[in-house]
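A lone chain, given as structure tokens: the form predicted alone.
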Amino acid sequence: MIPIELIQTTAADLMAKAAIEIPDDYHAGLKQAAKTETGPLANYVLNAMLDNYAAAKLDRCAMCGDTGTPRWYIKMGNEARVEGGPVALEAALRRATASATTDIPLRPNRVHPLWRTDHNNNVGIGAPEIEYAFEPEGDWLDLITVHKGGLFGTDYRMLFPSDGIEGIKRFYLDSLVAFGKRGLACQPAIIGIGLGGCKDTCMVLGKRAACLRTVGDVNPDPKIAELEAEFKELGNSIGMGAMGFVGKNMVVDCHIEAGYCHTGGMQMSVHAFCLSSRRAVARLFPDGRVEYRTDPDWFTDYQRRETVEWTG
């Protein structure tokens, strides 16, 4: 059984790692973008951000003044057991979020949508979000925190089968141009695209594609992988770079995830993670071991299964 105290202390550690330390895969992608960027202002922003990341790690302070909206993704092996059960798990994550807001510190971004009141700790109704997934084997628990930018950088459209790939491309480009021109996202970013599902699951797919896959990862479906490569190139060809300035590095990587949808529709969502791609992961074991990493490893074969029964 995984001790609840271990979960809470590890969760607090992860909050600090996500806020302060840029993941290696995104860091490498940003360095590559800085080498190739020819737009003077876009190049200046990229190098300034790289210097900022180094200073944040050295000084142990948040890499961005807007620390986004902390959220949790939980994955459990089928044999995993948590002391106190799922209610205790969620309470531990809420406590870790509240304490991290004070200790790191994080900006207390969460407010009531109508009254604009807050508890100064990023905790409230439905906050932080906690999403779950399961794997058929293992007694471990994965804690994944993502500090997602909480304003814009997201769009949705109901497409139809007749729109085809060209319709998907049009909406993708429409979204990126709007993100850049209107200041709705901080580029360059990891772009996640959700295709299919219902409206809510389409949005979830796209956000997970942006936040839970690493730079350089490709979809195992070769046709989708081709689209990912094409969309990265397409996104970097529109003449926008870092923070919407003239340039050629708007997309660090593009990830696409699909879900089965209604026969009459083809839902699509587009999500930009942001210039500070904040995520951190730890795997906890019943014997007290904790293994830290930055790759969430969320989209396994099991998560993408199409059959009724899982055959392994």
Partner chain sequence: MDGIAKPREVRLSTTPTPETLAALQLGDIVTLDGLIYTAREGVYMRALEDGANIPMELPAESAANFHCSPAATIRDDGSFDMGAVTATASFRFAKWLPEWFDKSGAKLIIGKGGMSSKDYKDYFVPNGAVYLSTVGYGTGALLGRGIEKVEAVHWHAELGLAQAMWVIRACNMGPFIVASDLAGNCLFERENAKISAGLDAVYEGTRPAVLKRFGETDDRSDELI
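Computed from a prediction, not measured in an experiment: that's the story for all the values here. Residue numbers count along the first chain shown, from 1.
In what follows, reference is made to the form predicted together with its partner chain, a form of this protein that is not presented.
Enquirer: Flag F134 as yes or no: does it have a non-hydrogen atom within 4.5 angstroms of any non-hydrogen atom of its partner chain in the predicted bound form?
Expert: Answer no; every heavy atom of F134 is more than 4.5 Å from its partner chain in the predicted bound form.
Enquirer: Do F245 and its partner chain come within 4.5 Å of each other in the predicted bound form, heavy atoms counted?
Expert: So F245 counts as contacting its partner chain.
Enquirer: Counting only non-hydrogen atoms and a 4.5 angstroms cut-off, does E228 reach its partner chain in the predicted bound form?
Expert: No - in the predicted bound form, heavy atoms of E228 and its partner chain never come within 4.5 Å of each other.
Enquirer: Hey, in the predicted bound form, is Y44 touching its partner chain, heavy atoms inside 4.5 Å?
Expert: Looking in the predicted bound form, residue contacts with its partner chain include Y44, since a heavy atom lies within 4.5 Å.
Enquirer: Going by heavy atoms within 4.5 Å, which of 154 to 162, 88 to 96, 122 to 130, 140 to 148 lines up against its partner chain in the predicted bound form?
Expert: The contacting stretch here is 154 to 162.
Enquirer: Using a 4.5 Å heavy atom cutoff, which residues in 225 to 259 contact its partner chain in the predicted bound form? It's fine if the answer is none.
Expert: Stretch hits, in order: L234, S237, I238, G239, M240, M243, G244, F245, V246.
Enquirer: Explain in one word, closer or farther, how the Cα atoms of A33 and R182 are placed in the predicted bound form relative to this form, where the distance changes by 3 Å or more.
Expert: Closer is correct, given that in the predicted bound form the C-alpha spacing of A33 to R182 is reduced by at least 3 Å.
Enquirer: Hey, the CA atoms of F160 and R182 end up closer or farther in the predicted bound form than in the shown form, with the change being 3 Å or more?
Expert: It is farther: the C-alpha separation of F160 and R182 rises by at least 3 Å in the predicted bound form.
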